[in-house]
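The chain below stands alone and is given in structure tokens; this is the form predicted alone.
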Amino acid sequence: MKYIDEFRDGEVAQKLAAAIGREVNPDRRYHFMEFCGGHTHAISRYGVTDLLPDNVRMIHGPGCPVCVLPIGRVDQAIRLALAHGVTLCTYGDCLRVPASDGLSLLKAKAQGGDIRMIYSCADAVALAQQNPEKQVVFFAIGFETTTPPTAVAIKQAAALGLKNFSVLCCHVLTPPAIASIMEGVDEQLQLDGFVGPAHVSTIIGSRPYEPFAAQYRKPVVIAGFEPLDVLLAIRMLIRQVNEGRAEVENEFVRAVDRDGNRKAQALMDEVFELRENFEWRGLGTLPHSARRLRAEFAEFDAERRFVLAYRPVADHKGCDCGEILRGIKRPQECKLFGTVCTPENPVGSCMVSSEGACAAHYTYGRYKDV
């Protein structure tokens, strides 16, 4: 299959790994963070770290959209279902994220909440059309990748004149999260460069990463999701570090350019504006790091329609998701990992989504720990 099989060739991977081994400086260590959860999954699934020299370390970042969702936002969705009696629609990964009082959306569904897993926000619009007597709320999460489809759904609902459809908007932005990580680099977290996200970059392009490379002197290489993509991106980062460069380079040229998808960007700007502040799990409250609906589309804003106040909630005391999302800890360093906290019984959000660092390591990497 084009762009799949070619980028999973084991012989080529071995050659790339050998090239990386020849290019690394044995007298130094390299620390690279993959921001995207898709990269975290690919690195674990294909054993990319096993091919790298011992002095090259990959660090997981806050690129899983389910993982960075704070408890208070899940609580809002649960209140909509149980207290307001709406039909709440969301993506499957959100259903098992732990919330307050031992609840999750899945457990709230077991208590009688009308909570439905959907594959597309268009499904929520269709459900509202088919059930005009019910209030249907779409729990919208994700980075810039999933934001344009939500904007399309809102415009479609407006065109249809739907009065029973609204969106609980928790769409977040990638650049503020990267900036937060950059500013937190210290003796706890050493970083030499970033593997830039793939899907997000198809929307926003490579241009938004240029200020980070210039200001913080950290190279960024945008990479696709296949193992050869990641290995080539790591080689490109090593070359930049060795040469003293800090630039934005694009390995994923088959899907990403400098300007991104301008039509999608215009659509997002038409429907959404920036929130002043938004809480992220692990990163705290970041300014201008998330979106909300513009005043022109206020009638489709679930927070306004149902007067939903946001209440921050502290994470489980024994859970290290925050430190893992910031790259300070690895999943296996959490004392709950693989014992109390498993994919079947997650304590923290990093164990829920397949893109979460803990879930990826539990599935593909924990056997090596033994």
Partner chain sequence: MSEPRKNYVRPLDIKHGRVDMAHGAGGRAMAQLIDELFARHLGNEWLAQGDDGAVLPAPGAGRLVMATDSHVVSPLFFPGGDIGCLSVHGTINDVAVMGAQPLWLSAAFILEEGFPLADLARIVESMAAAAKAAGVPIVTGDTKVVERGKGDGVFISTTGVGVIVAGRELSGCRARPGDVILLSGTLGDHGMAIMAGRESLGFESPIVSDTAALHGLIATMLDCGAELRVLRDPTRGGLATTLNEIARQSGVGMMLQEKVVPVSPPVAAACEFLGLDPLYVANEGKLVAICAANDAERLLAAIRAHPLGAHAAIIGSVHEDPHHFVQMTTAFGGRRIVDWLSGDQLPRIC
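Positions refer to the first chain, counted from 1. Just so it is clear, the model here is predicted, and its values are computed rather than measured.
Form predicted together with the partner chain: not shown, discussed below.
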### Task
Select from the listed residues R96, R79, R292, K109 the one whose heavy atoms reach within 4.5 Å of the partner chain in the model of the complex.
R96
### Query
the partner chain isn't shown here, but in the model of the complex which of R57, R311, R45, H316 has a heavy atom within 4.5 Å of it?
R45
### 4.5 Å heavy atom contact, P53 to the partner chain in the model of the complex
no
### Query
So in the model of the complex, does H41 come within 4.5 Å of the partner chain, heavy atom to heavy atom?
yes
### Query
Taking heavy atoms only, is G92 within 4.5 angstroms of the partner chain in the model of the complex?
yes
### Message
Taking any heavy atom pair closer than or equal to 4.5 Å as contact, tell me whether V347 reaches the partner chain in the model of the complex.
### Response
no
### Task
Specify the contacting stretch among 216-224, 84-92, 242-250, 201-209, defined as having any heavy atom within 4.5 Å of the partner chain in the model of the complex.
84-92
### Task
Note that the partner chain is not shown here; using its position in the model of the complex, name the residues of 228-257 with a heavy atom within 4.5 Å of it, in sequence order.
L228, L231
